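Starting off, we have a lone chain in the form predicted on its own, written out as structure tokens.
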Amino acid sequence: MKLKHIVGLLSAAAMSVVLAGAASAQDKTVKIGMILPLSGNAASAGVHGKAAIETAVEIINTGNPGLGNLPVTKNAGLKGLGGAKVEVVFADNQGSPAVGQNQALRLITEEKVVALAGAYQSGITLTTSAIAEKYGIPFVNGESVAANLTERGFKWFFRVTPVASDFARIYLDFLKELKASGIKTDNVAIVHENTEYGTSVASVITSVFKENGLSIALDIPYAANTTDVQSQVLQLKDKKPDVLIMVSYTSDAILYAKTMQALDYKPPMMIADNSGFSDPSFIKTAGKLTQGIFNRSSFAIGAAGTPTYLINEIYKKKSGGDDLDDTAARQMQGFFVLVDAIDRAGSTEPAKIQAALKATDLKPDQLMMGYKGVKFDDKGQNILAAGLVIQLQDGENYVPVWPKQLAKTAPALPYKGW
């Protein structure tokens, strides 16, 4: 009797340990650090990026089987970690590479995050990912496009987005097709802000164009966060390029739009390199001044009932009614890729997450973006990223116009402006 009693007690104890283990698995959280510009000149983009990540967290933690084959959305929490929930610790980089670096250090050493994501501006992604590399923490970037980010020999850095060279080829092929239809595209000017993002993208576009027999006739750099661009606009007005390519963050993009109107300058064709020109605050403030501007994108909201439409509906509740723009959508896609890797790793150990990221092989139907998939090369770059050309037409909405198989309407030329 005594022996049976002891066995019973041991069995009960064992059962309580099992139940406690199950409970702890359910209660466990996976802590991820997200670095964004929540203040400063790029704050609007940062705030929309934060809303995008909060949307992803809600979908992952509560489960949403209606989102098709998108990973980590069918169950409440991470199945590979016993239903563990995802927690994001947001950090404000304030638009400063040094602040971003300090925030990355804090998130790793004090918050004990298992991975990092961010940081919107390429120059800040450069410094924050260097800290992650030093500490052996996976860093997944969904939105920064400076070419050199994946040229540093890093082993812990993974980038999901298309990069400057991808977009440069898109611009080139788009312009070649327009030229073949009789539109003048030979004289190209590029205006770019002078941080890592603008300088790198302008350099890559110039290089790709030159390799394909199209030189940049005019290159105009300007100081990031400038408050006066009259001289740059007057220079454009004097040189009269056929095509103007703009590489700017939000405040600069708005400033250029207003200055062009004030000085009555309209190029025959204007192409924006996403970023500030995709920010909802730019569309609200200067969209009516820039009708007909082309832009690059990899995202479309889609028809009612589609996964992207449903994701956008959730996002709008967190963004104050704004639709997902391409940048915020690319950030969300990058976050889904990171969490999918953690789920497949079945672990929060950095090395196991790193191995899962290296093994990533997502198909188009597993993505919310119009990529051909997600698969990383030895440098950590997604080799299946892709994009298209959109145009601001009839008010404040961008619509796909190129390539033809993805277009909803034909490109409208010349540039209308206001």
Partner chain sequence: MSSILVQVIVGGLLLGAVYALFSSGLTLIWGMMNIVNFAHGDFVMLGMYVAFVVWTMLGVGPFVGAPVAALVLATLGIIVYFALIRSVMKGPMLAQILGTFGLALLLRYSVFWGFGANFLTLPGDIVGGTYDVFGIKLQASRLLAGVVALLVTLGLHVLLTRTSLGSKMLAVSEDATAAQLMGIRPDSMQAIAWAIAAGATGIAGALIATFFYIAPTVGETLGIVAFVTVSLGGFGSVPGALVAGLLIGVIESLSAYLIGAVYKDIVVYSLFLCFLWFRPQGLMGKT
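Residue numbers count along the first chain shown, from 1. Just so you know, these numbers come straight off a predicted model, no measurement behind them.
A second form of this protein, the form predicted in complex with the partner chain, is not displayed here; the remarks below concern that form.
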item	value
Site check Ala43, Val47 and Ser281: each within 4.5 Å of the partner chain in the model of the complex by heavy atom	yes
Candidate stretches 383 to 391, 50 to 58, 34 to 42, 66 to 74, one within 4.5 Å of the partner chain in the model of the complex by heavy atom	34 to 42
Lys237: touches the partner chain in the model of the complex, heavy atom cutoff 4.5 angstroms	yes
Contact label in the model of the complex: Thr250 to the partner chain, heavy atom within 4.5 Å	yes
Residue contact check: Ser181 to the partner chain in the model of the complex, 4.5 Å heavy atom	no
4.5 Å heavy atom contact, Phe90 to the partner chain in the model of the complex	no
Heavy atom within 4.5 Å of the partner chain in the model of the complex - the one residue of Leu172, Ile301, Ile216, Leu255 that qualifies	Leu255
Candidate from Glu313, Glu151, Glu211, Asp228 lying within 4.5 Å of the partner chain in the model of the complex - any heavy atom	Asp228
Residues from 133 to 151 in contact with the partner chain (non-hydrogen atom within 4.5 Å) in the model of the complex	none
